[in-house]
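Quick setup: one chain, the form predicted on its own, written in structure tokens, and binding and motion questions come after.
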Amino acid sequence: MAMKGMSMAKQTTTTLVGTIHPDVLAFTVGQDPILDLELAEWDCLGTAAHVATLARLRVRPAIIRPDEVRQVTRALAELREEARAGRFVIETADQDVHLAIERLLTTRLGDVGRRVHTGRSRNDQVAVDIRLHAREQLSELLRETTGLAEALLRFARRHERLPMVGRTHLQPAMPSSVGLWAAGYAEALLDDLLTVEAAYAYADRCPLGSAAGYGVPLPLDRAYTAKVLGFAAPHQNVIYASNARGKCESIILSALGQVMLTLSRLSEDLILYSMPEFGYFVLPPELCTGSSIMPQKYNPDVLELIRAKTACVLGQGAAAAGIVKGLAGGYNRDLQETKALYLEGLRTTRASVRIMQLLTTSLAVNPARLRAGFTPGVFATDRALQLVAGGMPFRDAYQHVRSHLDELETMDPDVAWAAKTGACGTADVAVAPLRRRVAEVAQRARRRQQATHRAFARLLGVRR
């Protein structure tokens, strides 16, 4: 037995942070060598900012000299381009992107590469990587979602006066219009983006320099670090900078879930209203899929997948919150699992928004089927309120109309729709103010993104 124990002890792999049994290494590393490829360019930026901060320390001897900062920055700019081009490789022994970059800097620059980690931990590295990544990704999501909202508003404008049966409980309810329906989903997305912008603001704090959550005995200028990375500010409390890890991912996923909920309901409407039994909308055949056995089929698989993916994103948000829920203060390795949830949630949401915009811009309507969907009962509430306007108590009008639906058979859906003017009516689609909101959100996102890109260019000494 002793011989066997000695044999097991010899089965170790050497890493930058010690030796470890290969099974433990594989288990703890997990998918990080793959997942972290998406964070590589952001780790380069975080490292460049940290090295610039180290060079400002008034200590002797200098940890990093100005000429060494230039060497490291050039090497990081090269590594960033390699990552963007797909040539960056993280080895299992690296464990993650942070040690991979340190290894490569040491290989290329020698001793200076071994000094870049002074005053930081992989805890604040991954935290800043995720926040840098999140700001870029959320900016892109804001741009893409405002693009979808704008497409819905263009659709609403084109079909503003086309009547459509409004439904509750899926049953015919009251006169509405295609314009009102489409603009309603556009406004829903704009409100969803309030949560995305809030998530952006949450991520716009720099944790770098907090190290493992307890700071370091070096006078690091964390405000300077935050500034060169284009953050609004640093985290004030270093313990909270560590504790916010995981919660940041959870908050972002929660915001993504709101966008996906709107997409899912829009998808369900389009699935229903494009069925032959309704025929209100016509999905473009090239955006549908065929059957392996039934030649006539054009299936709304894109919309069905958005419904399913919504459940996945909601589940990822719940999983991230569940991981954070039971943790004691300070870093815990559990948080490694929130990274995959966060990255997949972002990929899914952005892909869903883009495919929905593609579908919306190609969506066709069938005016005849839309008008044919009106039955006398759809006009019942409007007629009851007309009687009220003539002096009849509402409940009496309600009972009269309920007993005389045959009186509504000659009602015209175009007239009924147009009669409801004002802020509470179907005739007020309000495309113009919603388009102004779209422009404002898109402009804010664009300005923030441009500001951060300028900060990155200055940091690395590159054009972009």
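Computed from a prediction, not measured in an experiment: that's the story for all the values here. Quick note: we count residues from 1 along the sequence shown, nothing fancier.
Although not depicted, the form predicted in complex with arginine is the subject of the following passage.
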| property | result |
| --- | --- |
| Option touching arginine, based on a heavy atom within 4.5 Å in the predicted bound form, out of Arg122, Arg222, Arg135, Lys309 | Arg122 |
| Contact residue in the predicted bound form, from Lys325, Arg333, Lys297, Arg87 (heavy atom within 4.5 Å of arginine) | Arg333 |
| Listed range touching arginine, judged in the predicted bound form by heavy atoms within 4.5 Å, from 71-79, 92-100, 366-374, 343-351 | 92-100 |
| Full three-residue contact with arginine in the predicted bound form, heavy atom 4.5 Å, for Glu150, Ala183 and Arg435 | no |
| Any non-hydrogen atom of Leu266 within 4.5 angstroms of arginine in the predicted bound form | no |
| In the predicted bound form, Asp32 touching arginine (heavy atom, 4.5 Å) | yes |
| Arginine contact at Arg245 in the predicted bound form, heavy atom, 4.5 Å | yes |
| 4.5 Å heavy atom contact, Ala320 to arginine in the predicted bound form | no |
